[in-house]
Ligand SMILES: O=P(O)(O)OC[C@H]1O[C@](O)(CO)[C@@H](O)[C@@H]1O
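What follows is a single chain, given as structure tokens, in the form predicted alone.
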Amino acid sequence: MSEHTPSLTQLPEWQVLTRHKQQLANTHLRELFAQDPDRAQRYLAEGAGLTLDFSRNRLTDEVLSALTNLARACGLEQRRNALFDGDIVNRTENRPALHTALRQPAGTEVRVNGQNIVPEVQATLARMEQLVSAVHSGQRTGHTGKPFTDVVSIGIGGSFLGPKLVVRALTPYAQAGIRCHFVANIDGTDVQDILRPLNPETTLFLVQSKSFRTQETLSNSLVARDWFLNNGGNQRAIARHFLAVTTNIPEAKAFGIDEENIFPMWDWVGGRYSLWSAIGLPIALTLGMPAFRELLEGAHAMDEHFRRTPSERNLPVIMALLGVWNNNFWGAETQAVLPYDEYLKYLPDHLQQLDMESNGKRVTQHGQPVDYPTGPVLWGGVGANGQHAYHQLIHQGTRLVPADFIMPLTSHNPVGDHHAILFANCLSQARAMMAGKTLEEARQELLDSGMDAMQAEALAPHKLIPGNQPSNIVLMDKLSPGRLGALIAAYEHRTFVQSVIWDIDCFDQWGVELGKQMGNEILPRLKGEAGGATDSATDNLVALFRAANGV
């Protein structure tokens, strides 16, 4: 929306949706299914090997049409074209956001400032392939001639969460002989626990930081370098054991890393969208380049689906519109992501950053305060574990909690009936959230079990489950590099579409920058150096820290 368009909540399309919500306010999902035998088949979307069942939302054809009309009124088509064409979409930093260019096939063209960036992307992939091949073949070894057995990726945020998700998710595709470890937290326990069992002669380090000044990453990298030097390494050997992905070549060289071991990052890729770049080296080194390229191909297939499929059948657009519907019209404040696959256990962690860092904003693109909720709190965990923990709140708590269930139809590790039981759990949880259990059903169930009428009457309210909790189910044939690439890209585009509707910039993160700034102001005081006062609470805790550490 431009500066001259009305506020989002004043748009006619928004008002139409408000009326639809009022009309459905007393309609249960059970009724919607009972009234429409074809509902399940009609509310399916397919793209890039994924299937989205979105029938368990308080949705009618009229609502879906009204939601797509809202997206159109907010300029989705124009904004989507701008995203793919390399226009300035990160307005506060005056940058394009071209993570989609990282997965474009060779020979295509995407221009930034008049320059086609695809050849540079392809050249970086070729360099990655050379490195991965040299490590896997034993051509590239440590300084004592021993082959590498372990890779330690040092980064935080987008340089950590995305690669860690993919490495874990694609464990069945891992190449023999290479173990991957991730260090992110500034807590010394993290880096020390990773380094302790490793052999310096066979460990390769990746320092992943766009600026090469991120405090957590640089501090952990210095610890890793000291550990290497104190355990048989030397200054010259650093060049064989340390690589960097950064834009700050001088700082990386000063650290001791040869320029030929420095891989590029670009201003037109944000950290949380960067796993498709050389930030994905931990993925490539662990899984091999064929798997990494398949990951890119799956993401590109979803890009094409998002770019060319009408909104009514467009998987990420539908996911985004349902999020707006549940968040802005039904009052949902959170979104649960529930992968029913052990390999996807880190998916909620990655999506938390992707979604909450992108859409946790309170002003429009033009700096005006919003008068509607924006990004929800995203959380979740692997199924079926959550069924014995937080699912209770979803079923019988007082909050509306939309959920995304994600599951492959076949398992990499078939054992007895495990996968059928897991799938039954996934379907039953979605059904329970939708249908619930009425008071009369609870009462009759107790009577049928032999309980007397008075006891049944007393206990039945405790077994009442309202249902009417919206959910989506995302299915794939098997968790493969291509399907995972499509899944992650779908959530990227879902996040973008919601930012378009909310008229916010999903590519900056000034709240994160404020925390860094304040941390840099407090740190000198903790070390006993001069610094100005902050507030009484902070001052008191600084004094406690200094006393405990003899500063």
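These numbers were taken from a predicted model, which means no experiment stands behind them. From 1 onward, residues are counted along the sequence shown.
The same protein also exists as the form predicted in complex with the named molecule; that form is not shown, yet it is the one meant from here on.
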* Asked: Going by a heavy atom distance of 4.5 Å, is Ser211 a contact of the named molecule in the predicted complex?
  -> yes
With the partner left out here, check for me: in the predicted complex, does some heavy atom of Arg30 sit within 4.5 Å of the named molecule? no
Next on the checklist: Can you tell me if Ile178 lies within 4.5 angstroms of the named molecule in the predicted complex, counting non-hydrogen atoms only?
Outcome noted: no
At the 4.5 Å heavy atom threshold, is Gly271 in contact with the named molecule in the predicted complex? yes
Heavy atom within 4.5 Å of the named molecule in the predicted complex, from candidates Pro481, Gly375, Pro163, Gly157, belongs to Gly157
With the partner omitted here, the residue among Thr364, Thr309, Asn468, Gln353 that in the predicted complex has a heavy atom within 4.5 Å of the named molecule is Gln353
Only one of 49-57, 507-515, 492-500, 33-41 sits within 4.5 Å of the named molecule in the predicted complex by heavy atom distance, namely 507-515
